[in-house]
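Below sits a lone chain in structure tokens, taken as the form predicted on its own.
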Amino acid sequence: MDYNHELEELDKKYFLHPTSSIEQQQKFGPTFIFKTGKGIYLEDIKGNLLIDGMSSLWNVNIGHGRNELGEVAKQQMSKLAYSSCFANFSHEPAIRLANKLAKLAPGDLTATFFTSGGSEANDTAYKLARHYWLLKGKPERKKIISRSKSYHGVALGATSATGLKPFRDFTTSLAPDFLHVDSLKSEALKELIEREGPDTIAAFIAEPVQGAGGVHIANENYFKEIRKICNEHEILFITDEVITGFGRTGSWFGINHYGVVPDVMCFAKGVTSGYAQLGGVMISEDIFHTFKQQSTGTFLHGYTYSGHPMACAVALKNIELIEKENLVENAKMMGILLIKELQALKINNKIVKQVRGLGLMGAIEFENNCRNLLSPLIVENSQKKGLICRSVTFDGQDTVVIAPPLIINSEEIKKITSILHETIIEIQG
């Protein structure tokens, strides 16, 4: 048995893949077995070179193969690979990173609770929101409202908050007190709050741009209206910046585009560009003040890897590189070009229904006849031409989404759209 075939067989026999088709894995083996990454490219064990048009999972913001992050991880692991942050133990990387995040975050978001990723961050946000109201003497405020087409992760609370029904249908029992509302109508939130009773609502959570749900962008006034509604009813406003944070939308955080400040902000992915597992929740000065003044005994929430030293050191270096290389501005400028090029696809292809995007988050939605979805075919054929993108078919959509690394240049943007154009033309016949 040769090397490649051995790995494929071992994969089928022992590896249960996340968010994948077990049927396809067992029939065909892994789609790709990657061995190296450099810049915006990934190479598999068969020598295929592909543009990573999704930044893997929306997260490799500074691109693949950055030795700087490997070096800082090595240095930190050599002197302090791990130390618990329980019982008020601490270490410099976590302290420095929390301080840096406070300087970058919108408004008065001040204190950070660290997690290992986005699902943990979202679950933590719900738990902290409910704990806040418990301390305020209002334990009945426990319901969490999220939007349709939203994605907040796959932990129990995060799954329950996710507005994409197939993720909730995956399990037989969801967490209680989660509600869903129309993703683009602020009036729908107001009506739901009035129907449920404001005094039963702990928080409303939203992605500034819905990512996994198909790159959906709210109108210009939506979040200002949402902020006003939350203020009127004393409901905490949580933004899920797991995908949109750290430059992805052409601003440090997606909510910055809308001129409002949340009470709580979740982050992960781009904070380390995927080079280490790290996420977190930032809370406002008011919430932190309440915790400091009214908490007694032990704050009974924490993960083994909260504030992991190596991960925090990698995050600090990653943020330094984003700043040094002006990648937030590059995401803004290349995002404008990406949308322009995608709009050209719409003009030249009648099957393209709509183009959406903000920064380096783009989507092409196709006319959906419900029988023959185009986006899975486009993704499959684009891979054969050397481009990784993603198909979204939830809620009757037929959409291809693109989110390349923030280091991408104009020539590479045009290469991506050229492959998409060729693929669409071929599929149209």
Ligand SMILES: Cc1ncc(COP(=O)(O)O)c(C=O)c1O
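Bear in mind that the values here come from a model prediction, so they are computed numbers and not experimental data. Just count from 1 along the sequence shown to find any residue number.
One more form of this protein, predicted in complex with the named molecule, exists but is not displayed; see below.
The single contact residue among I255, I243, A313, A331, judged by any heavy atom lying within 4.5 Å of the named molecule in the model of the complex, is I243. Of the listed positions (F223, W133, Y305, Y151), a single one reaches within 4.5 angstroms of the named molecule by any non-hydrogen atom in the model of the complex, namely Y151.
Per the 4.5 Å heavy atom criterion, the named molecule in the model of the complex is contacted by stretch 113-121, the sole one of 292-300, 176-184, 67-75, 113-121. In the model of the complex, none of the heavy atoms of R147 sits within 4.5 Å of a heavy atom of the named molecule. Heavy atoms of K269 reach within 4.5 Å of the named molecule in the model of the complex, making it an interface residue.
Although the named molecule is not shown here, in the model of the complex the stretch 175-214 places heavy atoms of just one residue, E207, within 4.5 Å of it.
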